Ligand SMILES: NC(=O)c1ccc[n+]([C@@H]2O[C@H](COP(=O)([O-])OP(=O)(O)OC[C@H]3O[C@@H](n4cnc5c(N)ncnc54)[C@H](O)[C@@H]3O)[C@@H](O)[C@H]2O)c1
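To begin, one chain is listed below as structure tokens, in the form predicted on its own.
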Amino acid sequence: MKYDVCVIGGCGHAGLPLSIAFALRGKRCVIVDRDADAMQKVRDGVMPFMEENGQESLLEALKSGNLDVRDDLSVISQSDAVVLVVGTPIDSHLTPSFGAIDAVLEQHFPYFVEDQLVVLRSTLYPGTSERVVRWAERRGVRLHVATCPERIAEGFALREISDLPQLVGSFSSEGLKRAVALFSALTDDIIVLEPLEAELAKLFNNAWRYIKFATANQFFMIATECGADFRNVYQGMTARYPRGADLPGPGFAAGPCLFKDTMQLSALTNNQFFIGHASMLVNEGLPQFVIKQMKSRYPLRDMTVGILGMSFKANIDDMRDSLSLKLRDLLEMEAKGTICSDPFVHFPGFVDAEEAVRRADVLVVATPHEQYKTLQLHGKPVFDIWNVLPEQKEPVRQSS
């Protein structure tokens, strides 16, 4: 084979770091992707999104000659292994949708070859891997299907790909052997599971994080409504006390994974995943809680609100499923106007943080970007759930 591995969806947040990592570890890797603009950027050596050491690593991978980007889908047939970075999203009814993975399989079916290793890399609804096996059998091609879910935190994928264990499962001994060999190029820490177990492990990890965030947010709401400063409560719970150390701080729990994967588990259990549903109500309700607290203190209908941070988490440029967007939309009904700012997201109408502070009557720190720690607020009231502004002593107060 001309290539060791072909990554379908290889220009995205999960696929590109994986492709770069393979190339830097001596694997001949070729990328195909439906995003033509992202493919051209990668060819030109331009990282299409924020990633720690991403730009330097991309250039190094291209220089090595091990990383290729092709429009011609026939490169799939020239690859020993194919990695599909396509998951199962949820639809408007919060149920899993197989449309994306079905479409990719059908589009690329003519290029799969007998005995090829096909690795499913994205988060999957439990049983999807077996569904792909049945799909291949119906079409008369024998594929060695393996599951190796990505486990990275966005923005730190290149580091975590090798630092964290890789979960690997397959339906055949040959598939398992080849999948373990492929991912052993990235790390020696391989955990072998059954494919269904690997699918569940990824979903459980994400749901557990979502539940922990919901717990912190519920505690924050209770303390705030009691008139207590949750920063002090949190300090009392976690400082030098190991049984409280794993509690995260409060804040918007959002992004393209945690909520989605929690709802996939709900669908799997016939909507009996009660703790997941409760977590969804808490986390998705936090923007409304913020607005309720603001309305109790200020004449919000006569005020312009500045939203600091629009990406779904700190120090990245990804707005997918960000609760900052939900906060903005809700404020359109409650405030005189909104001003949005984010140092990493370039979007029409967004302004820099200094302008947002100048023009706003009240501010919300919606995403805890590092640079906000030194932002001058010029006496403007601010709602800072994340405690990114260390000089603030209350959830809402007049800044000094």
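Don't overthink the numbering: it's just position in the shown sequence, from 1. Because the structure is predicted, anything quoted here is derived from the model rather than measured.
The same protein also has a form predicted in complex with the named molecule, omitted here; what follows describes it.
Heavy atoms within 4.5 Å of the named molecule in the predicted bound form belong, among the stretches 152 to 160, 188 to 196, 226 to 234, 273 to 281, to residues of 152 to 160. The closest heavy atom approach of residue 85 to the named molecule in the predicted bound form falls within 4.5 Å.
At the 4.5 Å threshold, heavy atoms of residue 355 stay clear of the named molecule in the predicted bound form, well away from it. In the predicted bound form, no heavy atom of residue 146 sits within 4.5 Å of the named molecule. Although the partner is absent here, residue 52 lies well away from the named molecule in the predicted bound form, with no heavy atom inside 4.5 Å.
Although the partner is absent from the chain shown here, 9, 122 and 260 each have a heavy atom within 4.5 Å of the named molecule in the predicted bound form. Residue 107 is the only one of 304, 107, 95, 288 with a heavy atom lying within 4.5 Å of the named molecule in the predicted bound form.
Think of it this way: in the predicted bound form, the named molecule has a heavy atom of just one of 139, 295, 177, 320 within 4.5 Å, and the residue is 320. Residues from 11 to 31 that approach the named molecule in the predicted bound form with a non-hydrogen atom closer than or equal to 4.5 Å are 11, 12, 13, 14, 15, in the order they occur in the chain.
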